[in-house]
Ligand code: HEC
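Next up: just one chain, as structure tokens, the form predicted on its own.
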């Protein structure tokens, strides 16, 4: 992290070199045309300056010249678009089997939780050479999750879950910033990413013995008595949740939506917004009763349910 001045951050992820290549291509194209335009302005200003012995002449049209300055910029712009779109799609679609980590931005810190339940504040430990998927949101205002060495940056927006992924390529420690002004102590919302060798990471991760997000979500699911409506049988008043994650569900108004993190969150906080077809809007809202971390735990538990999983009920003893 302490390397002194650098023109650009070091390359420490699989995306870094590809993004830098695109950046230098865009910079080169823009620089070339900027220089060309300045030179032409000077040349034309000198060559065609006003003189007492010379009158202005009407220039003749040139179809070839007009096609040239129309087609060449179009080709360059399309190359930039396709190149950038390809990188964007690669960065926004995480591969299967990626390490799933949840991040919540809060004035003025980053709160991180790993799959086994281990938590961090303003630190993110990840293994080198493995894909890491970040699911992030904000608890209060808009933040922006930014790791310069990995060339990833995405806004963390209240009320939304967003995902990004990266694959570290070099062990070490790297800066983590909030790149969106979020209040008086915005400049203090900094942290570090620690990239470790796989065995070292597993040792670090294995030293944590508290409950996992799935276990915490299951406990919360029981405490909130969610099974009273979501269990199959005579008492069922809401959809059973096993196997629904990642599928399309039909709503009462005829639309279909993806059953993902954002839909689950909205259903917890505003259950009448999108009611599943065949059911009545009887689910109560839990707004103000659960935190963002608890919602993420509930989501982790619902994602873990298989199609025939039994929903646990709250004990009446």
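Because the structure is predicted, anything quoted here is derived from the model rather than measured. Positions refer to the first chain, counted from 1.
Another form, the form predicted together with the named molecule, is not on view; read the next lines as being about it.
The three marked residues, 238, 249 and 282, each reach the named molecule in the model of the complex, with a heavy atom inside 4.5 Å. In the model of the complex, the named molecule sits within 4.5 Å of a heavy atom belonging to residue 221. Shown alone here, residue 151 lies farther than 4.5 Å from the named molecule in the model of the complex, counting heavy atoms only. Although the partner is absent here, residue 300 sits far enough away that none of its heavy atoms falls within 4.5 Å of the named molecule in the model of the complex. For the chain shown alone, residue 114 is not a contact residue for the named molecule in the model of the complex, no non-hydrogen atom being within 4.5 angstroms.
Annotated contact segment (heavy atom within 4.5 Å of the named molecule in the model of the complex): 270-278, selected among 26-34, 61-69, 270-278, 45-53. Of the residues 229, 142, 109, 87, just one reaches the named molecule in the model of the complex with a heavy atom at 4.5 Å or closer; this is 229.
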